[in-house]
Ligand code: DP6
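Just the one chain here, laid out as structure tokens, in the form predicted alone.
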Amino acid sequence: MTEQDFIPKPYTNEISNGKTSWKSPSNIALVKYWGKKDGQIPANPSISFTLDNCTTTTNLKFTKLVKSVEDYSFDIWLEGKLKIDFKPKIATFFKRIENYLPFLKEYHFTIETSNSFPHSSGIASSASGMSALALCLMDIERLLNPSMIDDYFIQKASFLARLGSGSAARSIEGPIVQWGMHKDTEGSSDLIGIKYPFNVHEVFKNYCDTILLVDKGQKQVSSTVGHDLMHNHPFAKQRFSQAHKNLSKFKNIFAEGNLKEFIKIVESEALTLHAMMMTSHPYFMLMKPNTLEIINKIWAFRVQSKTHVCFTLDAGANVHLLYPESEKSIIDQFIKNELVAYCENGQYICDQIGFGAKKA
């Protein structure tokens, strides 16, 4: 598979206007993607759980222009409010994908987007938002090319979403998605996310993720800047090798339902991600004191309760609490008794594994 596979042939149909809508989920990486090459190509492969409740719904209206424009014609609304400050990011996205969607300058687009989680909750919405927009744009291309098959539609949506936000490549499908070339995974690609192709034990098919909102403020450093700091990082080579090895280990872990080994890798990956930030130049720390308090509480509770709760982190202070559905009642009580005090305004979000984007 190459980029050329996603450049369309001349369209066979014409359409003057219309609308479409998609609801797309966020995802939480188990093996982290940190560092990228030109063209939104990951420096290492990653794998994630697709979430179910943390979603972005995007409504896209489109109207054919009398004459194609030099730039792109669009308005973007978030939660019913016009967001002029979002336009540069969308314009950059359109510029990256224009070669693959040549109709972009022929229409005016009205993009209306909303999140199922509070906008200021500290949950990254780029994966869900960019994947939802990519799917809406693919709906337009399928109208222009009605012979498009479903597999191609999904692959190209992931390809386009990646060019908006790398992790968005993993939000098109579910429940487990791998993105990035890996020697042990046939069909893996740096260009798209693929549904995990190997056996998965029943215990991992209804896993829970409770997101503890430690800090709802804006991050100190953007993910783009953080990724760029991996270019000259003294430990980059070792980190990329570690990610490949951990991804190989997941094949047996998922097949056997080995929760102890799952916990070891997931927590190590989370801490490694933050270690790379703390040892880059310039260095930075996104964990907060309450992040560390929660981690220590989890470790103590896991020993005392003999449960299989563990944590992972994104590039921020919030803690994702992962655990089997069979342990939900005891973990819920643990959260209420011991962890909610460390959440900003006592807020947390209950989620679980989901199965990808849906037409809204």
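Quick caveat, the model's predicted, so the values are computed rather than measured. Quick note: we count residues from 1 along the sequence shown, nothing fancier.
Below, we turn to the form predicted together with the ligand, even though it does not appear here.
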Taking the shortest heavy atom distance, is I295 within 4.5 Å of the ligand in the predicted bound form? no
With a cut-off of 4.5 Å between heavy atoms, is H227 one of the residues that contacts the ligand in the predicted bound form? yes
Y33 near the ligand in the predicted bound form, any heavy atom under 4.5 Å? yes
Heavy atom of A315 within 4.5 Å of the ligand in the predicted bound form: yes
Go through L213, I253, L273, I265 and name the one with a heavy atom inside 4.5 Å of the ligand in the predicted bound form. L273
Which listed residue (N290, S188, S126, N145) meets the criterion of a heavy atom within 4.5 Å of the ligand in the predicted bound form? S126
Mind telling me which stretch in 218 to 226, 68 to 76, 150 to 158, 191 to 199 gets its heavy atoms within 4.5 Å of the ligand in the predicted bound form? 218 to 226
